[in-house]
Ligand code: OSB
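So this first bit is one chain, no partners, the form predicted alone, shown in structure tokens.
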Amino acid sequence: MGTRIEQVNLHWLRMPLVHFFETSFGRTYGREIILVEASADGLSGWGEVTCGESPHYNEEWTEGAWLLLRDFIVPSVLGKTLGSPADVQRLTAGIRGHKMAQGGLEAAVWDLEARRNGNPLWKQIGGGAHKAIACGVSIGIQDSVGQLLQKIRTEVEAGYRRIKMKIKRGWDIDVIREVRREFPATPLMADANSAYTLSDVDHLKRLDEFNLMMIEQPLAHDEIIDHAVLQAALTTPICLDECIRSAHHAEQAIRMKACGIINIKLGRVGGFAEARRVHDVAMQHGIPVWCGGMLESGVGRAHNIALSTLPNFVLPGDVSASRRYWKRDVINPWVEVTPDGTIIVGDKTGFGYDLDLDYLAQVRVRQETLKAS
């Protein structure tokens, strides 16, 4: 028996961050977030569109995603009977790119299907290998090295199992040296967000002295070949992020030895169906994966928890506590991390948390309802 999508509500939220977050793309003090609510048979499932406010991480941004959802993606699915939530990808296959917008709807349909079947989301997607998710944190570029060291100290004392620090030209070698001197045994990785080119190979080779877990996406978002050249010159494993938008990309990168690790972001690959395929390709080739974050609200964070229960998510991901980012989250209870740096996976139906509808209404700045005819 299939699911006929009867209605989709789009919710645009404006949520302030506890502290600014800076990458090589720039600095942000808040998030403009789209939540997608898909309804059928008196039930609703929720997903999150994880793009940024500007088209710098990839080509997507909040305003564009809203229009794509309203005018193209939702109409492709609305009123259709789906045999599986994976059919969202099939029905929207004619739309080139814009995986995050598509993934927001697909995630909502997976959550809806889990609720219809009385399952937790992790079970509905075929997960469950991990009942406790190992957590790391991502720390943005700071105003000073001292400020960065204090933030890392706070997170290490909170139990997080891996520290990721953002880097860019002028905020890399000397900064990491200070961090490694202060935290000699802490698992540490550096995320460049495409800040370098292959002409920087000699500079990037200097990272090998710091015993990093990985350097994430040092080169451009579409440079699998150049990453293969760079990986051959480094002993530090390269982790690909922006380059991997599909299982096919993962297969290409692995065959070319362009990486030793893959970051899977649910939105970047268009939802759970493709994320599972990327996961499976990496596992077949012995390449570990971890779940990346995009400063999600509790809804997207809960989806990341479900994804991280798949068996090859063996490295700590960017799935951390709500309070690290939000003064107040849109879910109850908030996502919490245990003192040993894990999130315990629950058995509650759907994505596993209640929506704080009162707060959602407070931070909502736009809403639109689309109904099947």
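This structure is a prediction, so every number in the text was calculated from the model and none was measured. Start at 1 with the first residue shown and count on from there.
The same protein also exists as the form predicted in complex with the ligand; that form is not shown, yet it is the one meant from here on.
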Checklist entry - Since exactly one of I238, A114, V74, M294 fits, which has a heavy atom within 4.5 Å of the ligand in the model of the complex? => result M294
Checklist entry - Okay, which stretch from 191 to 199, 171 to 179, 83 to 91, 247 to 255 lines the ligand in the model of the complex, with non-hydrogen atoms inside 4.5 Å? => result 191 to 199
Item to check | F313 within 4.5 Å of the ligand in the model of the complex, heavy atoms | outcome: no
Item to check | Contact of H279 with the ligand in the model of the complex (heavy atom, 4.5 Å) | outcome: no
Next on the checklist: Can you tell me if K164 lies within 4.5 angstroms of the ligand in the model of the complex, counting non-hydrogen atoms only?
Outcome noted: yes
Checklist entry - Heavy atoms within 4.5 Å of the ligand in the model of the complex: does D329 have any? => result no
Checklist entry - Three residues, E37, W334 and Y359; all within 4.5 Å of the ligand in the model of the complex via heavy atoms? => result no
Checklist entry - Of 315 to 331, which residues get within 4.5 Å of the ligand in the model of the complex if you count heavy atoms? => result D318, Y325
